[in-house]
Structure formats: C-alpha cells, structure tokens
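Okay, here we've got a single chain as structure tokens, the form predicted on its own, with questions on binding and movement later.
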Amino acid sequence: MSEKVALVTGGIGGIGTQVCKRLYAQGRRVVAGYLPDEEAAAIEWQRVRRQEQLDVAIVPGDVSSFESSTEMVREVQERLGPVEILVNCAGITCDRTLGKMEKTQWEAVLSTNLDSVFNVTRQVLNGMIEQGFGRIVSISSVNGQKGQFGQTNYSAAKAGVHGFTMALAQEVAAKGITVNSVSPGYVETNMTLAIPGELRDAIVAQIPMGRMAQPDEVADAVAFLSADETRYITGANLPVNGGLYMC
C-alpha cells in the first residue's frame, strides 16, 4: 500500500473512527472530517488517536453545504495534497412516519446523507481523473435496500447513495477510479446502544447472525473496496448486515 491521501467525512463518528484506523493501518495519510461546531470534540478525538500512535489529521466542513465542502477539500489539498481516496461516511437520522414528518426533517436527512455525497465527491473527482487513480466509497444502508418504517427520508437518501454510485462508476470506469458503496445493517454504536433494551432485543432477533455489527467490521469492508488491489470492482454495493437482508 502507498501513502495516498484518504479523506473520511464523518470521520470522528463511531463508524468513521474505525474507518480512519483501518485506512491508517493500510499506510494511508488519513484526514477525518468533522462539523465546524464540533471542533472541541474533534481535537479531543485527535488527541486520543495520537495516544494510540495514529497520526490522523482533522479538518472542519459541513458536507451538507457545497461551499463548505469546497473549503474543506481545499484545506486538505493545501496541507497534504490531492485526495486519492474518499469515504463518504457522514450521516444523520431523523425518524418519523411520513404523515408526521416536517419538511425540515426531510431536508436535513437528504442534505446530510445524499447531497453531501455530491458536494464532496464533486470536489475531488477531477483531481482523481487527472491522476488516473481514485477510490470512492460511500456508506449506504440496509434500509436503503429494503426500506424501514419511519425512515422514508433516511431510506430514500441511502437508496440514492447507491444510485449515485452506480451512475458515477460508469462515468469513470476507464479512468482508474472505482466507485462503490457499503450498506451496513445495525451497527453497535453509541446511537444503537441508546435504544431501549427490549427494542434492541427485537432488532437483534431479526438478524440471522444474532448480533449487531461492530464498527470495525464495516471499516474492513471500506478498506477492502479502497485498496489499491481492488481495481476491478466498481459500481458494487457490499452488504454488511449479518444476513438481515439478502439479495
């Protein structure tokens, strides 16, 4: 593996942290993105990584904003050079049945989970084309494949992520760039650990493997798709859901 620059949006989150660690272990120069108002948390996150002997850079940026994404990527390029690996990992949920969903809840999830994939990828794509190399991996979701009660916004956004992936993969397939998505099922993070015990048990009961995924299991899939060697896999969606949804 070479010291290619890897930008991970949402890099200080539960899954993002493990993706950063896994890419660093591959020998990448890793940059973790974070929301500008999370600067204190990002600095503490970086301090902990350094204690773990991981030299991971951090960069602010609101990926729901095209302008902020432009500035974020510009800063990375000025500090480390062109982004050669992009992991679109930033995302939020705002669950409510459609009959009760506010327009702001729809827009927040679509802009953070789907618009962001365009906003950031657009900034790095031409540089990848010029270099003749690129790896773009976007985090979709099992609920973008099968849908989920109370998640019309989230399911629509995550389904869109893979639609974006398949279309862009065709545009750049002959240019040394691969574009893939990873669709996790339920992952054991702070968010899922906050789910009431009985509801968590009901969720786990639906999963053939009988447990939620660990964040590093999602990170392993991302690392596989971003590796130099996986140059003939593009436009694919890799499910990491313990058998919750098979297609």
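The structure displayed is predicted, hence computed values, not measured ones. From 1 onward, residues are counted along the sequence shown.
Another form, the form predicted together with ligand CAA, is not on view; read the next lines as being about it.
*Asks:* When the contact criterion is heavy atoms within 4.5 Å, does W45 count as touching ligand CAA in the predicted complex?
*Replies:* W45: no contact with ligand CAA in the predicted complex.
*Asks:* If we define contact as a non-hydrogen atom of the residue within 4.5 angstroms of the partner, is T93 a contact of ligand CAA in the predicted complex?
*Replies:* Yes, T93 lies within 4.5 Å of ligand CAA in the predicted complex.
*Asks:* Taking heavy atoms only, is V142 within 4.5 angstroms of ligand CAA in the predicted complex?
*Replies:* Yes, contact at 4.5 Å.
*Asks:* Do Q148 and ligand CAA share at least one heavy atom pair within 4.5 Å in the predicted complex?
*Replies:* Contact with ligand CAA, yes.
*Asks:* Counting only non-hydrogen atoms, choose the one of 151 to 159, 171 to 179, 121 to 129, 74 to 82 that falls within 4.5 Å of ligand CAA in the predicted complex.
*Replies:* Careful reading of the contacts points to 151 to 159.
*Asks:* Is ligand CAA in the predicted complex close enough to T97, M191 and I203 that every residue in that trio has a heavy atom within 4.5 angstroms of it?
*Replies:* Spot residues vs ligand CAA: full contact, yes.
*Asks:* Taking 4.5 Å between heavy atoms as the contact cutoff, choose which of I207, I195, L54, L35 touches ligand CAA in the predicted complex.
*Replies:* None of the others qualify; the residue that does is I195.
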